[in-house]
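A single chain, nothing else alongside it, follows as structure tokens in the form predicted alone.
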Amino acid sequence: MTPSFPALTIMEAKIRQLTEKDLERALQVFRRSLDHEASAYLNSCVHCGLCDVSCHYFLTYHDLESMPAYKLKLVTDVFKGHFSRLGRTLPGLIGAKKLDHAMIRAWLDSLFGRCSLCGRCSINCSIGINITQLIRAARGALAAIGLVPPGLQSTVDTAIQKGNNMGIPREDWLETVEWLEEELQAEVDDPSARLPLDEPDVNLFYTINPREAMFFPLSILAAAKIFYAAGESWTFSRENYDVTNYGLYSGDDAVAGTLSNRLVESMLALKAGTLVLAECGHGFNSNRWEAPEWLSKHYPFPVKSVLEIVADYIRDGRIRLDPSRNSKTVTLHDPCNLVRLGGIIEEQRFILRHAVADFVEMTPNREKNYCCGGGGGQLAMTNFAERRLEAGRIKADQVRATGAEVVVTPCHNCIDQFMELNKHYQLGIEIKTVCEMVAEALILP
């Protein structure tokens, strides 16, 4: 099934205008992104098929184009066709292909349109091929010639030009913080409670997903309430507060590095102790693991998820919780970038067991969870929305099987996807962040 949208018409026009020079530039970017390990991966697939049944796209459509092994083969064939001696001399013998207009179309449809970069195929690969890395490398080649789907590229451009992916003006951000500070003071009955901005020499520099400021301000208030209860020394930034990084999804390492470096610069200017990343799956993976590679430098400060901070508050007795205040049955969705690709697995479970009265797990869970379908830039690529919702049926069925009334997920991409799945599949659930559940259960001094 190939959707028909204006965005695809725009992309097709761009493809037809590609020159040999454009294709050569894409190949150069592609080759530079492949180290020795990645090159070895491209010659290692044994076609066992184990990755197929791990992919929510294949389990939904059961077509060739959705198979992770097929997506990998699209990348491998181009590598062999241009960078293998045998592939250049006897391409038919090893299935080598050239990066031409037809292959560009295939890459766009399968590597952007049928993949959320969730990494589930990689952990099920019998020989451990990092399929996600290779697909992202191919996306980077497409980015080099302006062939990122328009919605995703627009999100990247907005972040670069406006300082955050929602394009929130500085004045609106400051007004939001001021308003939320008043809300916090009323909620905790303390006129001295603050949401500090550009406070130097604090313990924590806290970053958010701009969608919180735009659409989910209660998420910001929840974190501020937790910091207040813990007596934490922390701050926001007036300028660089965006934890997200859609350069991870577009494959553009240079842009991704620029976005992450803004947080580094703010950290150093504020002389804060720890960079704390809000509940954002790809924001955590980008800034904790990928950014030092993009920037080719070691961070002189620790980078943590807010979940790690809150879990430590509970362990250290800095906050106290009453789980009876969250009496509904709660289940947890594991964001792929936070859990499978990020390593934050048990903290959220530890927190929820202290914050809610009835916690049940989805099956499967943790690093074996199914992607909700909202990652990989899919939410920004409206031309593939129908596929995204269809592939989300697996996650909707998981939720139904738990009987949960509330789905908690520490990621706003996942929240947005769950909001659509909730409506599309009539799940009848509430969707919340971990910090929102903690804030509800807080016993204030």
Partner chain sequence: MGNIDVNGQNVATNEEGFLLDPDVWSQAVAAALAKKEEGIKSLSEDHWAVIDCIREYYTEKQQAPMVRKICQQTGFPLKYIYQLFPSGPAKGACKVAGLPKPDGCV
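Bear in mind that the values here come from a model prediction, so they are computed numbers and not experimental data. Residue numbers count along the first chain shown, from 1.
Missing here is the form predicted in complex with the partner chain; even so, the following discussion is about that form.
Of the heavy atoms in Tyr246, some are within 4.5 Å of the partner chain in the predicted complex. Contact check for Asn165: a non-hydrogen atom falls within 4.5 Å of the partner chain in the predicted complex. With a 4.5 Å cutoff on heavy atoms, Leu379 counts as touching the partner chain in the predicted complex. Though the partner is left out of this view, Asp100 does not reach within 4.5 Å of the partner chain in the predicted complex, counting heavy atoms only. Comment: the partner chain is not present in this chain, but in the predicted complex one of Asp190, Glu239, Asp358, Asp172 has a heavy atom within 4.5 Å of it, namely Asp172. The partner is absent here, but in the predicted complex a heavy atom of Arg211, alone among Arg211, Arg194, Arg262, Lys80, sits within 4.5 Å of the partner chain. Here the chain stands alone, but in the predicted complex its contact with the partner chain, taken as any heavy atom within 4.5 Å, falls in 212-220 among 358-366, 198-206, 270-278, 212-220.
For the stretch 123-161, the set of residues having any non-hydrogen atom within 4.5 angstroms of the partner chain in the predicted complex comprises Ser154, Thr155, Thr158, in sequence order.
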